[in-house]
Ligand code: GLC
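Okay, so here's just one chain, in structure tokens, the form predicted on its own.
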Amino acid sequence: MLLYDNPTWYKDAVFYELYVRAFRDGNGDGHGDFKGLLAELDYLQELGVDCVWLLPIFPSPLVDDGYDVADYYGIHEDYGTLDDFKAVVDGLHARGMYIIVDIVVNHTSDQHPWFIESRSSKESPKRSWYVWSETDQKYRHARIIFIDTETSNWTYDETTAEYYWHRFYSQQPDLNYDNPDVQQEMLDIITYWLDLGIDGFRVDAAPYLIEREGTNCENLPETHDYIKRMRAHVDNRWPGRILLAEANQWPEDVRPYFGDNDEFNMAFHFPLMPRLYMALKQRSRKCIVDILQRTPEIPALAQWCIFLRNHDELTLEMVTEEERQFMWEQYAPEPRMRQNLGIRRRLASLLDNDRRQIELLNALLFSLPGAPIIYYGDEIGMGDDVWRHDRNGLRTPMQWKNTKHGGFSDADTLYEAVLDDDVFGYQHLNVQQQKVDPDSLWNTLRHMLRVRKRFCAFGRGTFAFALPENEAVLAYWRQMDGSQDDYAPSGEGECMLVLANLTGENQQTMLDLTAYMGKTPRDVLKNEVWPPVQDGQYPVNLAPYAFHWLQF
């Protein structure tokens, strides 16, 4: 069992987002499961993962891949039993690793017994567990999130001749957090899973818990009040466990979700992600600089989570309309590649399978402020299939070997076919081949992660841009003096300069290193010594899509 000697372990952690159904089939039925995951824990440890984040594992009709929960106290039958889950928890802890699971607090499935009872009668004891209305004209300022499939946030229910509220699919009715019983039930669910030994939750759709007329029904004070209650509940009984917010909002609107170290421990930085891609096409650091300069300071115990891709479309909600059109033109030229306000493509597909760009964005992911999250399969450069239903093309089976079904399963039929094309097919893109190739993407990223773990500045240090004249060069400082953080290793401190060429051509620039006269930079990724700083202006010549982590 982990001792939580470092209660801010999440600041340094590398997270790995894992879809159990897609990872490894342990019983031969064509679905990934906990037995399959248990067999691959050594793989995750070898890669350099510190914490595994599981997509929803609960019983569900799978209209939304498990985000439509039908029972918060069970395990989906395709994934195995509660004992199988406990074995994974114990296995990760035995390796010094952590595990968090997705908890869907905003809504349930329409197949959940609560909702079945709620819609049975207006007099049902569970009626007030959901949001009902005689009209579909309430809360008209709330946006529709799934614009490709839903035309309203209200759905008419013929049984009781009223409308129920939902922010996502109509099969996902929203819970009513004005009801104290709902609030307490969710705390009881949190208790149940933390008592089973998990290390925290990724809290789905956090901004939408409360509805108020005349507002957009997002980020309301009452929502923050309940999140404070959740955090106090967790901290009081399970110190060292975390709550991670999914709040797809502008940075200034996410900042309150940290509270005063009394709401979420972590939150995703959604607006940064599309700007990493935008910067490559614009051949300029400007959009990255703008969004990070716009990002408020966060509390001392808080941490951002940053990512390049995840299980959903590459969301373009937190960009301007002009930027959205630019991103669609550049990264989703075919309409089928687009979904809702986003793009349904994986990292390698987005970057035309260009190793230089893939490695560059990962080097930024591992060095920008925040804890990085790797989406399963991106460590080997897995692709996608935009012609599959909804987001299924992003959630295909993990490619382990060049054998049947990519080594994912021995079954004849899978929950979703493994990729089998000329570029991303399992025959030529799989874990087994990449692990034995020292120059593979897998080994390159593994090396980056091993180097990252040597420097706590990346997880805990200060961040400041260096802004050379050439805007095609992104440069920033990550520094740690040892006294900034009670849980940082003691020592003389660290001073790291990250350099990145955002273009496919050589770039030259000058850096003002007056403060480092006489110092000799060393590239810790390549273990190469650079020329010493002899005067204030330091010339830099960067190869196409080059990146360097320089230690002073």
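The model shown is predicted, which means the values in this text are computed figures rather than measured ones. Numbers for residues come from their place in the sequence shown, where the first is 1.
Heads up, the form predicted in complex with alpha-D-glucopyranose (GLC) isn't pictured, but that's what we're talking about next.
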With a 4.5 Å heavy atom cut-off to alpha-D-glucopyranose (GLC) in the predicted complex, the contacting stretch among 462 to 470, 166 to 174, 365 to 373, 294 to 302 is 166 to 174
Touches alpha-D-glucopyranose (GLC) in the predicted complex: F146 (any heavy atom, 4.5 Å): yes
Contact between D50 and alpha-D-glucopyranose (GLC) in the predicted complex at 4.5 Å, heavy atoms? no
Do R391 and alpha-D-glucopyranose (GLC) come within 4.5 Å of each other in the predicted complex, heavy atoms counted? yes
With a 4.5 Å heavy atom cut-off, would you call F58 a contact of alpha-D-glucopyranose (GLC) in the predicted complex? no
Students should find that, of R355, K435, H311, R446, the residue having a non-hydrogen atom no more than 4.5 angstroms from alpha-D-glucopyranose (GLC) in the predicted complex is H311
Single option in E246, E359, D110, E211 placed near alpha-D-glucopyranose (GLC) in the predicted complex, where near means a heavy atom within 4.5 Å: E246
With the partner left out here, which residues of 59 to 87 have a non-hydrogen atom within 4.5 Å of alpha-D-glucopyranose (GLC) in the predicted complex? D64, Y67
